[in-house]
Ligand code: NAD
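Next comes just one chain, in structure tokens: the form predicted alone.
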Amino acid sequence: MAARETFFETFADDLGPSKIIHLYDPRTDLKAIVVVDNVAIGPAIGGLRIAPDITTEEVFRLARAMTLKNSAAGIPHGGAKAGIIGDPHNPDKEPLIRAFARKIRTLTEYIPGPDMGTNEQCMAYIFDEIRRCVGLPRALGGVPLDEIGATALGVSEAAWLALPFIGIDPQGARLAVQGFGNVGRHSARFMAQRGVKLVAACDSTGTVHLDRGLDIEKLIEIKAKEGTVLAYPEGDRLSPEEIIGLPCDIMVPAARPDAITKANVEQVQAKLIIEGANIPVTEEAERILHDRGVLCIPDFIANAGGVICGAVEYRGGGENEALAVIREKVSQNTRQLLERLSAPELYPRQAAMHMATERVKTAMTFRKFT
């Protein structure tokens, strides 16, 4: 009881959470956590991830990020998140995913989507069970956000506006991507189209660093074949953690939460951080970086492309519409954020939260809660 009280005393506020649910299915050994944070604007969209060390605190923090992200993106959805405690590399996830879907059948205010450890196929299993999710395969009418790089498109759009704001020319700017998965590899691709040079990439096995630039398509091919960026034939091979301190202009943390914290923030040499993952930089580290002159574009502004794509799909829109809406909304929100930073006392996350919470709180005044 004391631990539960401590959790709510620490995290609960006037936005939420609305519901915290722990799920268990003895037949499949499903152990999962769902947090519905806020549904004032509409039913909550949020990804389902699989990881061995998922905690209620992490799922709540991710759900809150979704509340802010969906609000800032201007889509009619609230925020939620879910996590299955397990091996994300398990080749047979179907029993777990189907068990999870059955457990949330009546939780109609939550619409799952793909996240770390899940994909379009997993969403197809959920759709088959409860007919309620986003991120479906094309064959089921979905807009395949990983295939088209929806989240990464938003990351790159945020970068194009942020780079001139801090006086950096995209042509030849050095990029480091922490987490060379769906978001990371597509971010590198999109940025390279405007002259940015990928100099470092990492995954859970290690970091490859080549100052003259990595061949992105070659690295993607090698990673897909060998399962590690370390198989790239050139460059320095370092630990996954060492990417944080490498010389670069832009860093895209696109892996797990809390990649940059007070413990390693002094190592950061990047001048711009575009948060491709959810909560990849702690708020304390963001403030330290800002005080040093490093610009951080917060997660719920920069990486909203995936959920925007999901929202377009959920109401029957197609790929071209999704891409256009991502460009429009992420650019608009990044521009508004940068304008608010003209007030020197504001940190980027504070400014972004003001933008997002204003809309949520206004929506809450129109809702009758019983």
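What we label the rigid core is the largest C-alpha set whose atoms superpose within 1.5 Å from one form to the other. Keep in mind that what you see is a predicted model, and the values were worked out from it rather than measured. One-based numbering along the sequence shown.
Note that the form predicted in complex with ligand NAD isn't included here; everything after this is about it.
Looking at residue 74, you'd find every heavy atom of it more than 4.5 angstroms from ligand NAD in the model of the complex. The closest non-hydrogen atom of residue 84 lies beyond 4.5 Å of ligand NAD in the model of the complex. Interface residue remark: residue 181 is counted as part of the site for ligand NAD in the model of the complex, having a heavy atom within 4.5 Å. Contact check for residue 303: a non-hydrogen atom falls within 4.5 Å of ligand NAD in the model of the complex. The partner is not drawn, yet in the model of the complex one stretch among 277 to 285, 86 to 94, 127 to 135, 211 to 219 has residues with heavy atoms inside 4.5 Å of ligand NAD: 277 to 285. Between ligand NAD and the residues 223, 103, 290, 174, the one pair within 4.5 Å by heavy atoms in the model of the complex involves 223. Between ligand NAD and the residues 240, 170, 235, 117, the one pair within 4.5 Å by heavy atoms in the model of the complex involves 240. Along 122 to 146, these residues reach a heavy atom to within 4.5 Å of ligand NAD in the model of the complex: 145, 146. Annotation for residue 302: C-alpha shift under 2 angstroms between the shown form and the other one, rigid core superposed. Core-aligned CA deviation for residue 327 between the shown form and the other one: less than 2 Å.
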